[in-house]
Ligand code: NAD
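The chain that follows stands alone, in the form predicted on its own, written as structure tokens.
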């Protein structure tokens, strides 16, 4: 089997240490090798024979490594942030990237609160002083957090948990997150405000956003100027979100009373001035460093990688549409139908492809259909390129194909109907299908003609004039060449008009046989489709 070793098992390379529980789960399914602290060149050479790669934050998965991984199907990040993985390169090469965003939420949020309290009471400095033989209570006078305003930048899983804990401490919580609704913030007991407003009123400020081009140095000199005097800053998210040089200047000027930093632009932070200032508490990227979090992320990422290698849907895909489990169960039959309709449409069309429209009618139109659209696109493009769920949309764009989607709740006597219309420089073809019961897939329309065909195996699709002595001669030709007809469906508009005939056959139909079918009077188009 492609992508597996000689024993039939996939091969997984673990490049950063993960817990034994995670390793055992991987070993139940695959052949697992652990190789730590590899250089880029070493990993690029090693990855050639592996189907999956698992890393934490220590290993950088570059474009060079991804391009070298000719068998690579999935990269697992045992943790949340994926800034050490070239996700764009992975997507281009059809490599799924998965992470474990929930397993370390509690640990990271608790570490944030621990640093906040340490800042407010100057705990590390007091500890160091007492151990040095001093007894200076006045010097280490702190401030209460109750009644103070905590500003949170980013209300994802960790930011939300930090807010919950801070509210429990009696703090007022304000936040900035352009992707969170006012209704959701109100449910959490948080005031959602503009970015500059949060900066200007916060007594404590903590950031919980991913590191991207947009968030790099989002807190710098300009932002420090907006803040209150004696503000206190916490960063347990990613190094680079806060401009470290600007933070040092703000500390020295007295603008910032203190900071607690767990993550750095360079890790470890060699020769960083952050390490020299007593107002700054530093920890070595400990946000997820609890026994519970390490077990959790290892087990979650092991499960996700194994699911991906088995071809099953995953929950935590970074470069694939996320669909909740309960929604996924409801749409799963439509994923299979969509892929087959896409393959069918691709084999019916001719000419240069200009556009693809994916349509949803009825109950299915009320669901989250993004993954179904990707499945349809994957099936369609698989006839022209090496494509999967990860890179289907990217490949469509590169091919210059305009992809659109339409929805309507009217399904013309069907509870749900999905379809694909492909326009080329020569013609336009449409196919549509539905699911009866739980998993009875059917093609119900071809170019507007009503049919009722099972989308599987070999199918002969004929366009013809609806008149006598057309269907019979086609059957005779197939019979003469030993090709058994398993099922037949016809659809027409009116007697004597154009019609379509769908034949499910048990064997492939050779080109010579197709040419003979085309000679039957009344037949004007014949396509052999393999689903």
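Positions refer to the first chain, counted from 1. Computed from a predicted structure; not experimentally measured.
One more form of this protein should be noted, the form predicted together with this ligand, which is absent from this view; the next part is about it.
For the three residues 451, 522 and 525, a heavy atom within 4.5 Å of this ligand turns up in the predicted complex in no case. Contact annotation: of the candidates 215, 118, 393, 369, the single residue with a non-hydrogen atom within 4.5 angstroms of this ligand in the predicted complex is 215.
Of the residues 244, 303, 177, 339, just one reaches this ligand in the predicted complex with a heavy atom at 4.5 Å or closer; this is 177. At the 4.5 Å threshold, heavy atoms of residue 362 stay clear of this ligand in the predicted complex, well away from it. In the predicted complex, residue 159 approaches this ligand with a heavy atom inside 4.5 Å.
Within 4.5 Å of some heavy atom of this ligand in the predicted complex lies at least one heavy atom of residue 238.
In the predicted complex, this ligand lies within 4.5 Å of some heavy atom of residue 285. Stretch 257-265 is the answer when you ask which of 141-149, 420-428, 407-415, 257-265 has residues with heavy atoms within 4.5 Å of this ligand in the predicted complex. Residues 208, 209, 210, 211, 214, 215, 218 are the ones in 206-233 with at least one heavy atom within 4.5 Å of this ligand in the predicted complex, listed in sequence order.
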